[in-house]
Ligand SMILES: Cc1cc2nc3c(=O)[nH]c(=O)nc-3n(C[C@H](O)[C@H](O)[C@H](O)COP(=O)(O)O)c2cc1C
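Shown below, as structure tokens, is a lone chain in the form predicted on its own; questions about how it binds or moves come after it.
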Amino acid sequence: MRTRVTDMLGIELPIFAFSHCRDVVAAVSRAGGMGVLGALYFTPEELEMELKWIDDHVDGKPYGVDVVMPASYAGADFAPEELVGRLQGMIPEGHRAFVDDLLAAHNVPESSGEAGKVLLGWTDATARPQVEVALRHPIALLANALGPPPADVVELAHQHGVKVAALASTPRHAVKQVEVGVDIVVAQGTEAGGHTGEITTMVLIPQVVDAVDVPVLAAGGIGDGRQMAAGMALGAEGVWTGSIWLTVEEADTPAMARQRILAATSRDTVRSRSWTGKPARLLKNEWTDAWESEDSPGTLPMPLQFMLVSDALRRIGRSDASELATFPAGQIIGTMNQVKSAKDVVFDLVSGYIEAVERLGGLEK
């Protein structure tokens, strides 16, 4: 299955698997696709260890790293050394009280006192060290999950022989990314999990393909070979997938979350700002409902919202309050009702794609 992206990156299959789990990344790359590790949740030191492990377990196959360098966020003009402190001071006490009351209403235990990661890589200042770590490893792709990456980061990646991808939810965003030198545009429809826009995948892909002259990957609602074939028929040269890897055997998804995904329908997700302050598709539950209720003080801009709720989400994850446990998930979860190996998921995508293409080829002309 050869396209411009397979030639560009030296992979057998134009299947990209975004995951925060190193085992999934390595397994997909070994199967002929490209695993892409989400760096967001790792400190630079942790990311170094994760990438070293992938280097040792990917059998020399290409893999990528995904960072979050948003074009706009609160505190963008703050000096790195004062960033966290000043951002913490911008969080209203009323919002803190709302979160405390919500947790108390669901009997979520108090924090154990363990220091959490209150900011992660939601800013330029905190993502750049992740980029530096990534470029010390033999990665083939650096992806940015929120808008066009800084032009100097694109240039730095190219100096290391690394291609750059970025996610776009509108044709206008795609054009901006190409203007800063991005090599691959990921056209992500609203069906996708995580940060996403409002345009559906079926509508978005042809518009992005027509707007740019670089390869485009289809993303959002891609879970089997038929959907992969649809994306390719619309002009994409590969697929970018995420949610389907949450329930594979290799994934480190917590048991409670895995069970909820396997039982969910495609109507059980919602676009919400309650996770990061920017619209993201999450599993719908009492957490997302609370932030849309009349009692809600409203969400805060990125990265303040995550800083506000990070400890709460950690406490929820360690409790029995499954009704509050939310996480990024796309509408494709409605078809995810079996646990398979990552290799089998790759095989199913390819075989389903071939069957779909052959079926279309057999239609009377």
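Residue numbers here begin at 1 and follow the sequence given. Keep in mind that what you see is a predicted model, and the values were worked out from it rather than measured.
We do not show the form predicted together with this ligand, though everything after this point is about it.
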- Query: Can any non-hydrogen atom of residue 47 be found within 4.5 angstroms of this ligand in the predicted complex?
  - Reply: no
- Query: Are any of the heavy atoms in residue 227 no more than 4.5 Å from a heavy atom of this ligand in the predicted complex?
  - Reply: no
- Message: Is residue 330 near this ligand? Define near as a heavy atom within 4.5 Å, in the predicted complex.
- Response: yes
- Partner contact for residue 149 in the predicted complex: this ligand, 4.5 angstroms, heavy atom: no
- Query: Looking at 208, 142, 217, 222, which has any heavy atom no more than 4.5 Å from this ligand in the predicted complex?
  - Reply: 222
- Message: Which residue, 26, 316, 40, 302, is the contact with this ligand in the predicted complex, using a 4.5 Å heavy atom cutoff?
- Response: 40
- Message: 68, 194 and 242 - do all three of these have some heavy atom no more than 4.5 Å from this ligand in the predicted complex?
- Response: yes
- Stretch in contact, per heavy atom within 4.5 angstroms of this ligand in the predicted complex, of 322 to 330, 26 to 34, 54 to 62, 306 to 314: 322 to 330
- Along 10 to 34, which positions have a non-hydrogen atom within 4.5 Å of this ligand in the predicted complex? 18, 20
